[in-house]
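Before any questions on how it binds or moves, here is one chain, the form predicted on its own, in C-alpha cells.
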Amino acid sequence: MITLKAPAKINLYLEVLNKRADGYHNLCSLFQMLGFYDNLSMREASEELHLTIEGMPEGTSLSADSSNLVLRAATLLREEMQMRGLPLRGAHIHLIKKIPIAAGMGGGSSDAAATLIGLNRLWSLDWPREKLAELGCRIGSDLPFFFYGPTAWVSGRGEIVETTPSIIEGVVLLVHPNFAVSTEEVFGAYAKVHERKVKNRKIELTREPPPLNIHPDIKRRPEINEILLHPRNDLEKVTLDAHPELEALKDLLKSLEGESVLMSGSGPTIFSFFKDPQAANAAAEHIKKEGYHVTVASILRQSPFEEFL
C-alpha cells in the first residue's frame, strides 16, 4: 500500500496577464504549499479503478465517480500506459478529505497529483516528474506546481513552474466561509470586466502592451517583502463583489493583527500570516465563534511528495 499526504496551497501573489487564444489566461503567481493535507492510500487491484471518500465537511459532497480528479488522473495514467503497450493495472484508492472543496487552495489538484505520483510508484512505472507534470497539466492548470513545490513561481496557464526558496516565517491562518466558488466562473467574470475596460480605452486586447512577468522574458517580479506589504490577487475583487461578506472577514483578520491578508486563488478562502503561532491560534478561536471553518497551517519547506519522485 502507498500512502501520501496531499498538501493545500495558497497564492502569495496572483497577477492575471492576458487571455490566451485557447481560452485560458496567462498568469504570474507565487504558489506556496502548506502543512494542511488530504490523505490518500492506494493498493493494487486486478484491473479496476475504485475510489472511496471519507471526511467530507458537513453540508458538502464529492462524487467518487469519473468526474472526480483522482479517478481522472488514474484513468489518464492508465491510458498513457496502454499507449506504451504496458499491461492494464488496477487500484483501490481511499481519499480522506480535509481541504475544503472549491476553496482556492488546490485540494482537488493536489489529490490528482498525489494519485499520479502514488500510482507511478505502486505500478513500478518509474516515470520522471516531468512526465507526470505533463500528464497533470492535461487535467488542471494547478497540477504542475505540485510536482515541484513547496514554493514556486507559476506562469503560462500553470504549466511553467520555477522553484524558489521560501523565506516567509511563522504560520498561516486559513479562513474558509461556508460556500464554494467556481474557478471557471470567477475567471469568466474577470474576463468580462477586463474586456469592458479595454473597450472603454478603445483599444483591442491583442494590442495591449506585452505582459512583463511571463516566462521566459521576465523583466520584473515583486520581491517577497513587496508581496507581503502589498498583497495582490487580481481575482479577489470579482469574488469579493459577489460575496461582500468576505471584505468584512478580511477586516476582521486585520483587526486580529493578521499580516498580508489576501484571498487565495479564485477564493473564497482568506488567509493571513502570523509570526507567533499562539497569536494565530487565539485569532482562530475568535473567528470560529463567527461560524467560519478555520485552520492554522505551517509553511512547508519541503514537499511531502518529494520522497516519491
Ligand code: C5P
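So that there is no doubt, residue numbering starts at 1 and follows the sequence shown. On a predicted model such as this, the values are computed, not experimentally measured, just so you know.
Although it is not shown, the form predicted together with the named molecule is what the next lines describe.
Undergrad: Can you work out whether the named molecule is within 4.5 angstroms of a heavy atom in all three of Tyr24, Ser141 and Phe187 in the predicted complex?
TA: The answer is yes; Tyr24, Ser141 and Phe187 each reach the named molecule.
Undergrad: Quick one: from Thr239, Thr183, Ser166, Asn120, grab the residue that has a heavy atom within 4.5 Å of the named molecule in the predicted complex.
TA: So the residue touching the named molecule in the predicted complex, by this definition, is Thr183.
Undergrad: Just to confirm, with a 4.5 Å cut-off on non-hydrogen atoms, which of Arg89, Arg129, His94, Arg157 contacts the named molecule in the predicted complex?
TA: Only one option qualifies, and that one is Arg157.
Undergrad: From the candidate stretches 132 to 140, 74 to 82, 171 to 179, 145 to 153, select the single one in contact with the named molecule in the predicted complex, where contact means a heavy atom within 4.5 Å.
TA: Only one stretch qualifies here: 132 to 140.
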